[in-house]
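The chain below stands alone, shown as structure tokens; this is the form predicted alone.
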């Protein structure tokens, strides 16, 4: 009996000191490159080519290189502007559909080497890459698969040309964090002097698996953007709108760039998707993607850019904002002013986190272990989180602001290292000693920002009403 008592005591001690295990990952999960991409939040797109000088959006392919001749070109000004206004990366259109190359490619004569600009010695790709390194922004490339200038487009020989140019870019101008290619494939063009229409089968012509593996061998951590990813997907529109429900997962096995009828899937993702392929929100600061002088008065205002931020980053996506240089080779003053005003708005609206280090209570937390307690939500540490026991798919969080404050925004983040889980939640505030529901939403993902009608309260309640697995929330901010 004595031995039994000793064993019982040892068993109780062992149970009481047993570490509570963290939640099991909910697959699929983001890669390290995708995690870093989420954390960038805002990048810029730079469209600059012969179209800048012809006034076109899609060059036909018959433009003379002689037309490309910026007079006050300064890539340093572009990247410095982006750095100062809070962007983390730049994707440059190294070649658009017209086939004109912004670097002196040895595989074509249709490039800056045959322009009067800098007597044919200029290289925009090199300059932007160097400026990105100087200002510590990541560098990405767009190389259009469609080429309206090349004689071999539509034949197998063109694939060798395309891959040769990718090899030039990735061996001479890295590191490259993202490779961007879109669904504009085939149609009328100049094609080496032949004015004709050429059609390709978008799902098979480019032999993408072979092409992407070629790039991965040169840049293992690169992310590929297209409708189907596989690293990042198109959001399904060019208006700056991610889905109010936005899963970072889809099943891409039947998708390819340019496939019709998939806009809703791309916009919202798939709750039970097989792969982590988050949405990137591409939108231009102007009506068009290239600079046109007649649009100088139509640049999006700081307020419009802020709204786009809330419907992109604020819905779990990353914002890719196009800012095209003008014919001088500079970011136009109107665009610069708008970016600066946007930065000021962001800084003002998200200046003081009313929730920082405030007391948070929860309906439960995992194993009653402080490692998973609700206090982790307001400690400003992205590596800590609140979670529930495995069988608990909902939960209530209540934060005490200490005194009545006017609130306008609620920010929530899941720890996506363990997968995307939350399916729905509600927001309530304490009003006259009663809880009043003021908002409801679906997914959270990397980040969710809810804009509220400004309202005074001293307490906020967040109820996770449904989740695919036990919720794992890493951050709560209130502004």
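In this text, all values refer to a predicted model and were calculated from it rather than measured experimentally. Numbering follows the first chain given and starts at 1.
Below: the form predicted in complex with a small molecule, not depicted.
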item: One stretch from 42-50, 415-423, 62-70, 443-451 that, in the predicted bound form, holds residues within 4.5 Å of the small molecule by heavy atom; value: 42-50
item: Single option in 298, 184, 337, 345 placed near the small molecule in the predicted bound form, where near means a heavy atom within 4.5 Å; value: 184
item: Residue among 188, 238, 152, 221 with a heavy atom within 4.5 Å of the small molecule in the predicted bound form; value: 238
item: Partner contact for residue 178 in the predicted bound form: the small molecule, 4.5 angstroms, heavy atom; value: no
item: Non-hydrogen atom contact residue 435 with the small molecule in the predicted bound form at 4.5 angstroms; value: no
item: 4.5 Å heavy atom contact, residue 409 and the small molecule in the predicted bound form; value: no
item: Interface membership of residue 280, the small molecule in the predicted bound form, 4.5 Å heavy atom rule; value: no
